[in-house]
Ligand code: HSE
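Given as structure tokens, the chain that follows is alone and in the form predicted alone.
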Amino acid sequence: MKNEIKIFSPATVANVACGFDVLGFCLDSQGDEMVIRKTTKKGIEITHIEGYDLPYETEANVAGVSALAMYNHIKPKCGFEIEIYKKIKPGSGIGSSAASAVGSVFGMNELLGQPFTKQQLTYFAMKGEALASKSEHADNLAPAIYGGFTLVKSTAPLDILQLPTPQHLYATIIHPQIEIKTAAARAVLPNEVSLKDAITQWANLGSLVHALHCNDYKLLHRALQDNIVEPYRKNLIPYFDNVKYAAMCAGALGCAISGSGPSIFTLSKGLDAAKAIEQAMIKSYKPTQIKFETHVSKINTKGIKILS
């Protein structure tokens, strides 16, 4: 059995317009790399971090907290060292904290001979995610572990459904170089919504799930609407409406906030369409003088993976 493993922990998009806190999908081209190593010294230790300034203290690091949750549950005779090569910017809205939380428990599970299921790994990772967002939710964690689209039916008890992914579905992401903390983005949301808005959102979410099962891109287009969260959170993202208008005019099936922002995602059919939408988003955002990055990614149906 291996004593060391190197993994790729992917970026993810959560909420997916109408699926606040329950729906997410996995990206293929962005993610962190992590090295997990078994040691004779018991406990969890973070020994190396590159990319962004993150805490080395185990209890203050998302990867460390999720690792501790799993470690204290199984109580192995060994310990673990964690190296984090952070490539997803914290606060970017594409699952930076989730990638860390998932990476540590996935790597440990592999080195221990896979004693835990994907759903159990998600449960441990939720403990780390809660450190970043101040609440236990799994809409980024689940797609990172399972791949493709996932629906979190419940967090207590944890119940995750893996959904099909249409073959030609692509995502285009624009990431304005500003930071929005998940906890801050939650703070702007109302505690109550109207029954009319709730019904509309339920209908959109049900339609979106049906569209994924049926490869129905026209229905996807009609379902990718968020009338509950977006009206509040879009005010945290400069020029959001301009970018969305440009993307939709360029042929996007839908355009919405990725997670808590500031990243904005679109879905489209085919790589050519995704690239055309990317160019439209770039053209729209260039005059703002705000630095940004864009990415085009096929939906990653495998999730987290072993590199070596």
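These numbers were taken from a predicted model, which means no experiment stands behind them. In case it trips you up, residue 1 is the first one in the sequence shown, and so on.
Separately, the form predicted in complex with L-homoserine exists; it is not shown, and the next lines address it.
Within this chain, E293 is remote from the site of L-homoserine in the model of the complex, having no heavy atom within 4.5 Å. Under a 4.5 angstroms non-hydrogen atom cutoff, L-homoserine in the model of the complex has H137 among its neighbouring residues. The closest heavy atom approach of K127 to L-homoserine in the model of the complex falls outside 4.5 Å. Not displayed here, L-homoserine is approached by R186 to within 4.5 Å at the level of heavy atoms in the model of the complex. Listed stretches are 137-145, 209-217, 190-198, 162-170; the contact stretch with L-homoserine in the model of the complex is 137-145, by a heavy atom cutoff of 4.5 Å.
Remark: none of the three candidate residues (P10, F149 and T301) comes within 4.5 Å of L-homoserine in the model of the complex, counting heavy atoms only. Using a 4.5 Å cut-off on any heavy atom, the residues of 8-25 that reach L-homoserine in the model of the complex are, in sequence order, A14, N15, F20, D21.
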